[in-house]
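As structure tokens, one chain now follows by itself in the form predicted on its own.
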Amino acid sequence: MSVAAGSKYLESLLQGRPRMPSSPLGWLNELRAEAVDRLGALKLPTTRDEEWRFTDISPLANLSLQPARAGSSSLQASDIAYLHLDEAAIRLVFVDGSFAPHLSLLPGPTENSQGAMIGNLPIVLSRQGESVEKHLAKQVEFRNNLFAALNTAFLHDGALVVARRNTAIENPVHLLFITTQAETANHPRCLVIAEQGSAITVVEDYVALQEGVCVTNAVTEIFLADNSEVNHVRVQRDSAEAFHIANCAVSVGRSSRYRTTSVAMGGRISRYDLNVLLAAEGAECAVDGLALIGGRQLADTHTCIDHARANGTSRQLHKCIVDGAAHAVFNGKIVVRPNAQRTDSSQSSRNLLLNPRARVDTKPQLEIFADDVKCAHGATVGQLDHEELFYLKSRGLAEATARNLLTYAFGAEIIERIRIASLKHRLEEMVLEQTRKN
């Protein structure tokens, strides 16, 4: 097939694309085929596209990469023990995009005693295909999104998490995606379904164990039925030469609550698109994010919180700490539709520049089509407070120590919102270490 974008990246991926195992489910085969067809009409975005005007991914277009080779990793459980979360009783591990059962921790193939169905997508599809069909590829629109189309074309392994009706899963579910191969691309996929009255915490964790160029192209879809709750933590710590592109879409039902905290530290270029639809009356969401970058990194976060029905509530706080010649981008949109009366929404973008060469482009947006609402947004960009520095130095701290402490405190406000103690402690150490380097 021809590739409209004409980039080495797309051409090399599609030429090396392995034949996906045929599924007995006709709709899944059709889904993949449609995604492949769409790739012939889509192009790699450029800075001429409004949604990408601050993020130049032209270095990606010139790469010649191959799909990651399944089953080539020699990782053992002891090699990644330091990545485990103490609180997680369930862990799905994917290495270079492929499910690694010997590294995972599951009570059973799909069903566990806590009232959840958790496993690798092909296994669950073979037993529960009909229940998955109505959610898979329904939240993230791939027909006009190149990266989502690529992910869907390569769709095979993936993390499926279903919280059963009226059950609360006490321990977090850890979805660990590890990259070990340089000069490759992998396409992680996650589907989280919270049935009516359920509650679950999911940690989506991306780690690179190699320092070379690679691409991670992730898609996550989350569906909350009525009166359910999902706590979603996303951590991205890829290598300094990596490209990380991610799309996440969430649908929140009546009187349901979606809370998410995302932390981005790695990647030469990273882009995270989060779209939250408050689809029914009384839906709530809290969206927090932190980007901590330096050198020549670029981290771009685009969010859209769409209030579609009345009495919805949303809160968003996004922070960026930018050092060196790095560039952070935040574009946060809040939409209030005509039927979303009595919406209560607030958004804040706060950014800290640690170097004269560092750059932040921030664009909070409100689009309001209802009259009975309470909405607010704001953005700040600045450097460390000189009075606070002076105060700490007057108490005997060296200037470098004082600067590191203030920088750490700025980022720690987001980390503190994570409710998983071992992960919060680990991220606090990573933020503190990063501020010391800076």
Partner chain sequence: MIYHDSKVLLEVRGLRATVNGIEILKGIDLTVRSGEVHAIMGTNGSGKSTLAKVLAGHDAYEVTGGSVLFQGSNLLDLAPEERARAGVFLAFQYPIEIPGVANSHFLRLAYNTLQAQRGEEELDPLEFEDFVREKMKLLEMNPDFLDRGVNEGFSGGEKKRNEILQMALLEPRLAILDETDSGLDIDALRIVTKGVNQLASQDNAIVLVTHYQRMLNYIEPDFVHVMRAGRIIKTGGKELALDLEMRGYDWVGVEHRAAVEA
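Keep in mind that what you see is a predicted model, and the values were worked out from it rather than measured. Numbering follows the first chain given and starts at 1.
Separately, the form predicted in complex with its partner chain exists; it is not shown, and the next lines address it.
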Listed range touching its partner chain, judged in the predicted complex by heavy atoms within 4.5 Å, from 53-61, 371-379, 39-47, 407-415: 407-415
Contact of R69 with its partner chain in the predicted complex (heavy atom, 4.5 Å): no
L392: touches its partner chain in the predicted complex, heavy atom cutoff 4.5 angstroms: yes
E387 within 4.5 Å of its partner chain in the predicted complex, heavy atoms: yes
Interface membership of L397, its partner chain in the predicted complex, 4.5 Å heavy atom rule: yes
